[in-house]
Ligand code: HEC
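In the form predicted alone, a lone chain appears below as structure tokens.
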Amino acid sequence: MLKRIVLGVIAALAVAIVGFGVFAWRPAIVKIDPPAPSAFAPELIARGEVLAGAGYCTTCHTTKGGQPFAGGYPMKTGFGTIYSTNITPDAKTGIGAWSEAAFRRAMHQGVARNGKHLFPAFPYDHFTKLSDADVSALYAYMMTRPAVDAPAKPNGVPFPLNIRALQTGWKLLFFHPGRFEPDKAKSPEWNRGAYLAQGVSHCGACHTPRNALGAEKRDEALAGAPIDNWIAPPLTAANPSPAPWDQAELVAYLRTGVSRYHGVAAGPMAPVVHDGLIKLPDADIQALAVYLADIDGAADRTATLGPALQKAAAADRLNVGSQTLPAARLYTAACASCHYNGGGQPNPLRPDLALNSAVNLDDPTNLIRVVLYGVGAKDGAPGVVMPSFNRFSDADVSALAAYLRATRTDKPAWPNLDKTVAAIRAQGK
């Protein structure tokens, strides 16, 4: 009897494995010879360049010091390190042998030309929303880039998670394929912004927290999340900045990387602005701002701006006159000359830290990283540099962060700052 039960279980498992294998199987799409650049209309290529910028393709598919789009960029996940692949039209190591149908399947379904399922580090869960016309434009642009011989780096995903067929199960749980569907109750400009943010620009890939299996938590969309040792702040009304992210602030920030009230783009956001969104026309930046300001509920918080500015100006005056706290003297000596505004409207090139997201977030990571490593000339405001203070001791950085939190916000103190500073220093730049 026991033998029959065991054999029955084994048979059932075998049938289940075979059935899953059949379900997960995707056919390979036949290779092609790389198409000649002249096969694509110039206007189609130009449109693809804009979309590639909006999707930050260069950022994710170019390693430091490497050739554009040749891959090798490391993405650290909870399941190991995944390296981006070569998407130049090299026939052997890139996508030169991919037909447009193969490229479209990867974008819309997360399946490579050879039939293997792609890891969701490639955000096909967002790219599935792209129209066929935009996918064609992206294909034209990528196929007209210089071909680079760059073999893929082996991923650091352990067995059995590295079995590509298992991605089918992930897709069943979390992937909802389909093109973007406009909201008829919203304006065309809002819908254009939503299409960009939800699709090619995949804002949620950084700004939405993920569950234990690495999928975005749809019920917490754009609520903020850790990314590349930084914190991507909430893009919703949960953003703790005292000044609302209204359309004007968003347009300035997304266009230039500088906001009057919120500071400058740094960390992973800097290349998004300076290498990616810079390719978008002003109309698309405006559309993104319309959509994100609506998500943020900025219109409902307009009245909070005046009191926030008054409170920030009062906090700024703390640096005038006698100071008894060592942290206050440290701030005055190292920071106040650049961050002091003297009342009135803040100077966008002298970020007011009482209004800044980094000081108001529940997590001190962004503030500590900026103090330790500064903001380079290629980030933030063009040509304006914030120096690194990594020669400060952990105790000094911790005291400075605690001082700013206590004097510039009404938020609770950050716990365990000494340990947090030490951990961030150990991560490196």
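From a predicted model like this one, the values you see are computed outputs, not experimental measurements. The numbering used is simple: start at 1 and walk along the sequence shown.
Another form exists, predicted in complex with heme C (HEC); not displayed. Remarks below refer to it.
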property: Among the candidates 287, 137, 298, 358, the residue which, in the predicted bound form, approaches heme C (HEC) to within 4.5 Å (heavy atoms); result: 358
property: Residue among 207, 255, 171, 108 with a heavy atom within 4.5 Å of heme C (HEC) in the predicted bound form; result: 207
property: Segment assignment from 212-220, 301-309, 176-184, 115-123: heavy atom within 4.5 Å of heme C (HEC) in the predicted bound form; result: 115-123
property: Contact of residue 49 with heme C (HEC) in the predicted bound form (heavy atom, 4.5 Å); result: no
property: Contact flag, residue 386 vs heme C (HEC) in the predicted bound form, heavy atom cut 4.5 Å; result: yes
property: Close approach of residue 245 to heme C (HEC) in the predicted bound form, 4.5 Å, heavy atom; result: yes
property: Partner proximity in the predicted bound form: residue 379 to heme C (HEC), non-hydrogen atom cutoff 4.5 Å; result: yes
property: Site check 75, 82 and 269: each within 4.5 Å of heme C (HEC) in the predicted bound form by heavy atom; result: yes
property: Residues in 230-247 close to heme C (HEC) in the predicted bound form, defined by a heavy atom within 4.5 Å, in order; result: 230, 231, 232, 233, 235, 239, 241, 245
